[in-house]
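The data below hold one chain only, encoded as structure tokens and taken in the form predicted alone.
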Amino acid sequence: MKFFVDTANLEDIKKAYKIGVLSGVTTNPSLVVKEGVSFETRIEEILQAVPEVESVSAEVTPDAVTAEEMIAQADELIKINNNDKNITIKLPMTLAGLEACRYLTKKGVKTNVTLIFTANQALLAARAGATYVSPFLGRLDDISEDGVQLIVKVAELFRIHNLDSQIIAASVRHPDHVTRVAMAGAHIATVPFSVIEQISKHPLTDQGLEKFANDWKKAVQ
């Protein structure tokens, strides 16, 4: 399973990229608003900061409700950073979003269909040609459903029907989510940088490092 970082914070993105685990970045208008910069500027900055990742998702804005409006926005987003091939157009799971997905896919543009909450929605997105489908875990957990079970269903569905779309486990909130979606068959987990920090740590690792350091001091005295 690959890791994407789910943020528009440039410093967090650079930190994840520097440690060598980053395969992509997902953003959305809400995350960019928190950073106090224009959407296009931040997408360009991200593309320049992580040149070797496979995907940087740039989402159409909520006021684009028709396929034509989404495609028009996508055309402008694709131009950012001189038509960088790493850019992925993020589209909502709506009929209009699927129509835009099919059009962009035929044009050779990578797409990420987001806000997926059922296996049927994931199936529709895959059939529309989505490069990535993004089922949301945490928000299902919030309404007392097991979000990881959605990943299980989608992964099995894609296996049975030999579908090429990659599953991005989204709304991942803690280390146990990461382990479970990896075992469930997600191709990618998109996570805040804080979750990457959490899964890199263990108390016994810290204790072991402390013991090694203390023993080393004794050995060199």
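Start at 1 with the first residue shown and count on from there. Every value quoted in this text rests on a predicted model; they were computed, and no experiment measured them.
A second form of this protein, the form predicted in complex with a small molecule, is not displayed here; the remarks below concern that form.
Shown alone, this chain has one stretch from 120 to 128, 133 to 141, 72 to 80, 99 to 107 that lies within 4.5 Å of the small molecule in the predicted complex by heavy atoms: 133 to 141. The partner is absent here; in the predicted complex, the one residue of Leu163, Ala182, Leu31, Val65 having a heavy atom within 4.5 Å of the small molecule is Leu31.
In the predicted complex, the small molecule sits within 4.5 Å of a heavy atom of Arg173.
Thr190 belongs to the set of residues with a heavy atom inside 4.5 Å of the small molecule in the predicted complex. By the criterion of a heavy atom within 4.5 Å, Ser55 is excluded from the residues contacting the small molecule in the predicted complex.
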